[in-house]
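One chain comes next, on its own, written as structure tokens: the form predicted alone.
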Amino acid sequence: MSEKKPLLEIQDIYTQFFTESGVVEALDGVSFDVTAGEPVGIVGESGCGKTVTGHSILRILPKNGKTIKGKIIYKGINLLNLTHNQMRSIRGKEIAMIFQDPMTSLNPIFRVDDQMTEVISLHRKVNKKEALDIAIEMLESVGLSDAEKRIHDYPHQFSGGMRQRILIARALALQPSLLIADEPTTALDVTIQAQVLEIIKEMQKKLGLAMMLITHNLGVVAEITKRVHIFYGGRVVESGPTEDVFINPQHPYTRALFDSIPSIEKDKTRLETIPGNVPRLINPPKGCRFHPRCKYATEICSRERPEDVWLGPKRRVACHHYEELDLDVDEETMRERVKIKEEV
């Protein structure tokens, strides 16, 4: 059986922000792909380039930001070559995005029906009544009770969890092929987080969507995704099937992320942390950007950027010393990570 052609291919993109303090090298040669119907995780600490990647794909960077190099291929078309009007036909209809903060992502001066029906009417070529019916149906599908009445309310009349359901419904109303979910549970309490994640998971399966789930939460990645890309300092340092990466991480940064997960079963008096901070991307470290925080780093790490090494058809790592490092996971830790996947 031949392998599916990717729906989205990110090929060696460089995105920069031009500021008074200098040039921010936000994305520095990022490459990965997403297959039709596939849920993919984008993982890393804050400031690693996850959100910038989503904004680069949709070309919604602020005025001082620009993708200066590389290709973003969607269904065979390089999105970076499209005009502004051509990109407007892609946003929402083909590629939709759920933004981070449900409290600020809806316009407070317009009712929910106005914010949903306008975009539906524009892209699906239906009249206002048909657009309203579609909007109500989508709100009902994400569990908003009394949707036919409440669609005429203002955003401030909804809780944070309800607003996030509205954002999910709005993103899916145009039946996109790819959904970018950027930290979709930010600012929500734990119970509501679980409900929102379950809705996203069910809708992704029901509609057969490809999805990029941007998050720093490894438990969420374990629950929803099939493949994961680990970001650090504007680069992808490790990629692979989610279960493979969980059980046997090959990059010191990925290993450090797992070691910092709290667990009541670990016999430790204090939580493991990654020393130092995420690098400032105005003047990032030379060579491997993780080397100032890496206990395995040597002189070459501070001098030369590590190339991607392919460990399998969809498994790669960018580390000078991955073959030399003792990154094998002991049996007890492996069971714990599988348990995370099963119980999240």
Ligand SMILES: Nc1ncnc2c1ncn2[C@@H]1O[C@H](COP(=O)(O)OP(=O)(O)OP(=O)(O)O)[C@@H](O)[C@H]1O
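Please read these numbers as outputs of a predicted model, since none were measured by experiment. All residue numbers refer to positions in the sequence shown, first residue = 1.
Although it is not shown, the form predicted in complex with the named molecule is what the next lines describe.
Annotation: in the predicted bound form, residues Thr19, Glu45 and Asn64 each come within 4.5 Å of the named molecule through at least one heavy atom. Of the stretches 31-39, 66-74, 47-55, 308-316, only 47-55 has residues with a heavy atom within 4.5 Å of the named molecule in the predicted bound form. Residue contact check for Val24: one or more of its heavy atoms lie within 4.5 Å of the named molecule in the predicted bound form. The named molecule in the predicted bound form comes within 4.5 Å of no heavy atom belonging to Arg255. Heavy atoms of His216 reach within 4.5 Å of the named molecule in the predicted bound form, making it an interface residue.
Shown without its partner, the chain has no residue in segment 221-257 with a non-hydrogen atom within 4.5 angstroms of the named molecule in the predicted bound form.
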